[in-house]
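A single chain comes next, written as structure tokens; it is the form predicted alone.
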Amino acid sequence: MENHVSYALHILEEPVQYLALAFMALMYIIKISQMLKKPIPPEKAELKGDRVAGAFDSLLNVLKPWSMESTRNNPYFYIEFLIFHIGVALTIGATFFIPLFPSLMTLTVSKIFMIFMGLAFLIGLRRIYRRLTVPEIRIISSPDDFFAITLMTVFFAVGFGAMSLWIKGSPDTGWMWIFFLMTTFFLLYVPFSKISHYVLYPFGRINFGRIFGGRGVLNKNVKAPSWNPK
């Protein structure tokens, strides 16, 4: 598909996005470098398992829904989790493909993007509802949690609207302007919000796996520990 837009929208779609993306990358580099400087919590428990295997097992926990009680008892939660995060990836991906690789965004591909945006929007509404109505979720929800999930839900809706007009041959619309303005805001906001959990996830899971792998809670069948903390 062609992507003929005004010069002003072109500036927003590319140079502005590159600057915002560079800012986000810089913030992540600073955050990760600070985390790497932090000392590893000492482990005084007797070594009964493999810490390396435990860390690896913990890191891949997100791919094993049967290992978590919530998703083991309710597989729908895991399906919802997958669809929502695929929707996130495709919505963000659209902001790169539309200006840079419009020829790849065929009608079929664009409709697939829109399907996941629409489903992610509905899931976002459900998550907002659960945060407001489920006591044990509401009590641990911060203002940033509500702001982030609400903004993401609106982002899916705006992306859906922008894509629907784009595939009809109208790339330069108010919907597209809002879509890329929101993208710019996200790139600047995410490093300071809980949305950046995907960067913190490996650190938390590896540390969790090292501790409980060494204690033999994870990888119980490991008979020869591979590393002695003493």
Partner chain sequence: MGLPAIPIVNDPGLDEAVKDLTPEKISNVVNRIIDSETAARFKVYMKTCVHCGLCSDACHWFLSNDRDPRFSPVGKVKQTLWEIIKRKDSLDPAFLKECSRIAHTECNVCRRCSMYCPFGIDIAYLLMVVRRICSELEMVPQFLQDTVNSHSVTMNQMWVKQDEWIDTLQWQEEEAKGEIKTARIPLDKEGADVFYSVIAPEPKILAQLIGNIAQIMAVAKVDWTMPSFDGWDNSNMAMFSGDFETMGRVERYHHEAAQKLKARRIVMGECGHAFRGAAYDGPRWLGWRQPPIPLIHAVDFYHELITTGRIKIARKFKTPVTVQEPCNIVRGRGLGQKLREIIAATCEDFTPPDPDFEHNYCCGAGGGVINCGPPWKTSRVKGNRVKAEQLADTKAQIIITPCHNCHSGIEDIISGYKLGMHVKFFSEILMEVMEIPDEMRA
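What you are looking at is a predicted structure, and each value in this text was computed from that prediction instead of being measured. Positions refer to the first chain, counted from 1. Rigid core: the largest C-alpha set superposing within 1.5 Å between the two forms.
Unshown form predicted in complex with the partner chain; subsequent notes refer to it.
Q: Judged by heavy atoms and a 4.5 Å cut-off, are 73, 194 and 204 together in contact with the partner chain in the predicted complex?
A: Answer is yes for this spot.
Q: Any idea which of 156-164, 142-150, 102-110, 89-97 reaches within 4.5 Å of the partner chain in the predicted complex, heavy atoms considered?
A: Looking at the partner contacts, the answer comes out as 142-150.
Q: Is residue 126 near the partner chain? Define near as a heavy atom within 4.5 Å, in the predicted complex.
A: Residue-level check for residue 126: no, no contact with the partner chain.
Q: Flag residue 215 as yes or no: does it have a non-hydrogen atom within 4.5 angstroms of any non-hydrogen atom of the partner chain in the predicted complex?
A: Yes, contact at 4.5 Å.
Q: Can you check whether residue 172 is within 4.5 Å of the partner chain in the predicted complex, heavy atom basis?
A: Residue 172 lies outside the contact set for the partner chain.
Q: How about residue 38 - does it come within 4.5 Å of the partner chain in the predicted complex, if we only consider non-hydrogen atoms?
A: Residue 38: contacts the partner chain in the predicted complex.
Q: Output the sequence-ordered list of residues from 174-191 with at least one heavy atom within 4.5 Å of the partner chain in the predicted complex.
A: Stretch hits: zero.
Q: Honestly, after the rigid core fit, is residue 67 moving at least 2 Å at Cα between this form and the one not shown?
A: Where the cores coincide, residue 67 still shows a C-alpha shift between this form and the one not shown that is 2 Å or more.
Q: Superposing on the rigid core, do we see a C-alpha displacement of 2 Å or more at residue 211 between this form and the one not shown?
A: Residue 211 C-alpha, core-superposed: shift of 2 Å or more.
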